[in-house]
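Here we start with a single chain on its own, the form predicted alone, put down as structure tokens.
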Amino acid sequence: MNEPTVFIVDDDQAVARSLRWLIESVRLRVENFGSAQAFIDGYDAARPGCLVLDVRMPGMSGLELQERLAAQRIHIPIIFITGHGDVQMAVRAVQAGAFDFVEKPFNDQDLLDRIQRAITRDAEWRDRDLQQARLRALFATLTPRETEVLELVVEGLSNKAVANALGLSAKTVEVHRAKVMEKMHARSLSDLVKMAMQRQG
């Protein structure tokens, strides 16, 4: 996994430099962008980390950048930096999926704590997405008949009941069930049920 990066998007260069110095003081990688568009042009969604974002900027605002990222299904945790007059706006941003917001003037340690939590959340999201992708790849190896058997087995049907439902012999169902367990790398029926639930979730 790549080292997490804190991406700062703020048009005020003095603020951006100050934020960079603070975050680098705890040995985190930092990249600065002077505008929302510059961030869009330069960001690779495969890179882990979090986004520290000013609400008000010329051109594309922080809220508009949040909307653009959501439309592209980019789920990097966003911490908004806001002035006092922007708190209501920031609350709306959190309701729209932002990770957090911090009011100016902010406490340095408080901001660093929030950044660390955001980076942890990003790692959890990425791990979940990776597990989901692996699960989809395993399900894709099943034949249509094996998928039917799987769906009925996880509903709690016995081999005999599955056989009756699909018009097969119990022996054939046993063979299909064994293949499903093998392909899904499931050690038990409970493993299989959990995988099916994760797939639906």
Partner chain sequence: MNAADMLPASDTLWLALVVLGGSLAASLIFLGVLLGRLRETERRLDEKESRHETVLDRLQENEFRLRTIIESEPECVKLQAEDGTVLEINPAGLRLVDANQPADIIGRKIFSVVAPEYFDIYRENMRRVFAGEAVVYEFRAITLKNRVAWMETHAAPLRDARGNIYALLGITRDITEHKQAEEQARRHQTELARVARLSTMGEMATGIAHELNQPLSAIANFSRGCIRRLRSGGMSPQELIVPLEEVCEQAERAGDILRHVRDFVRKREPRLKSLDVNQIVRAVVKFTEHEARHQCTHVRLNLDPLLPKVAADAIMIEQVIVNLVRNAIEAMTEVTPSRREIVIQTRLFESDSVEVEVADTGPGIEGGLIDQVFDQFFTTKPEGVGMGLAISRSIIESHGGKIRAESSRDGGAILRFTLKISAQQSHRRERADSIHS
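Nothing here was measured: the structure is a model prediction, and the numbers come from that model. Residue numbers count along the first chain shown, from 1.
Below, we turn to the form predicted together with the partner chain, even though it does not appear here.
- Candidate site formed by D11, A14 and L112: every one of these residues places a non-hydrogen atom within 4.5 angstroms of the partner chain in the predicted complex.
- At a distance threshold of 4.5 angstroms between non-hydrogen atoms, S25 is in contact with the partner chain in the predicted complex.
- Contact annotation: S188 falls outside 4.5 Å of the partner chain in the predicted complex, judged by heavy atom distances.
- Residue contact with the partner chain in the predicted complex: K104 places a heavy atom within 4.5 Å of it.
- Remark: R56 counts among the residues lining the partner chain in the predicted complex, judged by a heavy atom distance of 4.5 Å or less.
- The partner is not drawn, yet in the predicted complex one stretch among 25 to 33, 136 to 144, 156 to 164, 171 to 179 has residues with heavy atoms inside 4.5 Å of the partner chain: 25 to 33.
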